[in-house]
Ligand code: C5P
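First comes one chain, alone, set out as structure tokens in the form predicted alone.
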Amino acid sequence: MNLHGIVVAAGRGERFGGPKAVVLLGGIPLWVRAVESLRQAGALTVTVVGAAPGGIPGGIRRRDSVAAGLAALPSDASHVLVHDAARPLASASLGRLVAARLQVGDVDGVVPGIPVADTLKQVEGARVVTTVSRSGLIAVQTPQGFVLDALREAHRADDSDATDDAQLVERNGGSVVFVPGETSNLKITRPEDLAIAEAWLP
């Protein structure tokens, strides 16, 4: 398996108040933490997409930024880990777990996830319509791992937006499985999330 990585760091960070990737967590930029996690997980190279030193330009949508990263991968790449700079606490062990499951060879993609703990309600405006069963639901994280050909084909086949790359692979008929994620692998969305992330630092 010729494994490489992509770190998406091109988000505008509207809910955060500005680009998040260059924000410091424990004195280290978020994008640097994400890159190092993939390197320690076994990625031979890591392409950063977005406003980071050495990064390549991203797109308007997240999927456009991932496509730019895919185009920049080495020609001999066979598998890829796609990670978000906004998840700086993902451990190298999690990346290795995703990669190991991917290497088994019977799937197109692998995502880490944790069971949904909160009660879920479907609403219309302010009115609660129904309670949604949590059975069989997980909250998905990154890094996500893919057979490179399957992910590229999914991007070519569907130009609509998606919240993650696994959604594109699913739409294209690909097989995606999950492995246990990490509670500490939180997503930095708002400024207060940084304080929570600081508490998780060793």
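It should be emphasised that the depicted structure is a prediction, and the values quoted were computed from it without experimental measurement. In this text, residue numbers run from 1 along the sequence as written.
What comes next is about the form predicted in complex with the named molecule, which does not appear here.
Interface membership of residue 26, defined by any non-hydrogen atom within 4.5 Å of the named molecule in the model of the complex, is ruled out. Mapping the unseen interface onto this chain, residue 110 falls outside it, with no heavy atom inside 4.5 Å of the named molecule in the model of the complex. In the model of the complex, at least one heavy atom of residue 86 sits within 4.5 Å of the named molecule.
In the model of the complex, at least one heavy atom of residue 62 sits within 4.5 Å of the named molecule. With the partner left out here, the named molecule still marks one of 38 to 46, 53 to 61, 147 to 155, 167 to 175 in the model of the complex; by a 4.5 Å heavy atom cut-off that stretch is 53 to 61. Remark: none of the three candidate residues (4, 69 and 79) comes within 4.5 Å of the named molecule in the model of the complex, counting heavy atoms only.
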